[in-house]
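Only one chain is given next, in structure tokens, and it is the form predicted alone.
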């Protein structure tokens, strides 16, 4: 199974929730809070379905909302991918 990267997060967020033209999501967004990037918890919930489709893992809602930055989401998803591969 593939592991998630910051480029995957950026692409999935834009596909699922669009982008606020006044906010630059290019460059290193790894440690910028999602709300600073223009994405709320609803946008993350919508992205979870795409994550499931692409990476084959279900991200629990309670863990998803605790992921406040792209890096935290990447770590969460990749941890779930690793667990799924080991099962």
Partner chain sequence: MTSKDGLNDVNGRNARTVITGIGITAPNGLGTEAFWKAVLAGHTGIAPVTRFDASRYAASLAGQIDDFDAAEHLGSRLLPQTDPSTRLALVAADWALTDAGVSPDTLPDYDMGVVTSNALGGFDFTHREFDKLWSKGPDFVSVYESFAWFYAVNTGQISIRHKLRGPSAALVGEQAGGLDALGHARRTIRRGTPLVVAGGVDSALDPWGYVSQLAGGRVTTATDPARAYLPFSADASGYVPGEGGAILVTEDEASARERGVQQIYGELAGYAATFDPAPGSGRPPALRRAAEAALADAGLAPGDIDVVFADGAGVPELDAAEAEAISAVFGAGAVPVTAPKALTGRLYSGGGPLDVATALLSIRDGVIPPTPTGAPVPEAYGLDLVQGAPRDRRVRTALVLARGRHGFNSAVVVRGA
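All values reported here derive from a predicted model rather than from experimental measurement. Positions refer to the first chain, counted from 1.
Only in words, not in the display: the form predicted together with the partner chain, which the text now covers.
Q: Please state whether all three residues 16, 39 and 52 have a non-hydrogen atom within 4.5 angstroms of the partner chain in the model of the complex.
A: Spot residues vs the partner chain: full contact, yes.
Q: How about residue 66: is it within 4.5 Å of the partner chain in the model of the complex, going by heavy atoms?
A: Residue 66 lies outside the contact set for the partner chain.
Q: Could you confirm whether residue 20 comes within 4.5 Å of the partner chain in the model of the complex, counting heavy atoms only?
A: Residue 20: yes, in contact with the partner chain in the model of the complex.
Q: Which of the residues spanning 58-87 lie within 4.5 Å of the partner chain in the model of the complex, based on heavy atoms?
A: Residues within 4.5 Å: none in this stretch.
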